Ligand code: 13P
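Just one chain follows, in the form predicted on its own, and it is written as structure tokens.
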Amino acid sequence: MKREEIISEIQRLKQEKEAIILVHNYQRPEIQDIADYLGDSLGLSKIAAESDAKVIVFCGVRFMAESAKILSPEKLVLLPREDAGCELANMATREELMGFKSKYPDACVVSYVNTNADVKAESDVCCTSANAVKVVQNVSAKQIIFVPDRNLANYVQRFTDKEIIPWNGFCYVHDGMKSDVVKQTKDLHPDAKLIVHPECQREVIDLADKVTSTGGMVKFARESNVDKIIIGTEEGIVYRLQKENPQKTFYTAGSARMCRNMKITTLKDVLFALREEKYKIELPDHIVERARIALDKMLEYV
């Protein structure tokens, strides 16, 4: 089938099955172009919870589709690529977290949304990069186990006197951005503003004009009067930013950083997912019930 035929069939099946397509900002351009909703983890989580659609096709990685299923257990949630995992999420297991909880019995577990469902089920509250600071500031505990991203944990620590116990996990895309390379990019474009994701290392964050989630980057690009912006996150968002702000110029912070798991979903995968209703996200009821508590608390801080 030609590309246009695939897209047409996706649209037909979407109407037939009363489905919506949720797409993360890091997905391929052609996947972004067929999105009903395009956004970051927080924005897409809210849409999954509020939508009346019977079927949710989640073009992202597994933990995102799991979150949609937890928030809408009655809906059919499909992940077009069964192997679209998240290496950061896989750095934290339920068993390891249980060990941490026994070591720090008075601590509150704040679980980044980039975690698998069974880890969320052992957490007190979830957060995204957009609301992590607000979540930590509002929990009553003075000691926080922050799972699984150490860089985001260190960033949040800047804004609280609470003791944050960081998990030793990281996103290889953001952690791989090095300050010397970012400095070189700033030197090449001295009139550009640098905005970076809080999953970056401390040295990169210290160079930034603004630190924010991908949703925050979209908002900054749209609302600010800055016309040249260096982007310190996965390169997929640059397509969206340039498309929505054609009068502005966007640069990656050094060589473009790519998440391989975010790029494996193709139009044919989306078509197959709708046609064959694959791959279904299925979770045990007790995991859904417990993880839902942590996600619902997260949505209070938006």
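Numbering starts at 1 and runs along the sequence shown. Remember, it's a predicted structure, so these values are computed and weren't measured experimentally.
Same protein, other form: the form predicted together with this ligand, not shown, and the subject of what follows.
- Of the stretches 271-279, 248-256, 58-66, 30-38, only 58-66 has residues with a heavy atom within 4.5 Å of this ligand in the model of the complex.
- Looking at residue 213, you'd find a heavy atom of it within 4.5 angstroms of this ligand in the model of the complex.
- Within this chain, residue 123 is remote from the site of this ligand in the model of the complex, having no heavy atom within 4.5 Å.
- Using a 4.5 angstroms limit between non-hydrogen atoms, residue 111 is distant from this ligand in the model of the complex.
- Applying a 4.5 Å heavy atom cutoff to this ligand in the model of the complex picks out no residue from 93-111.
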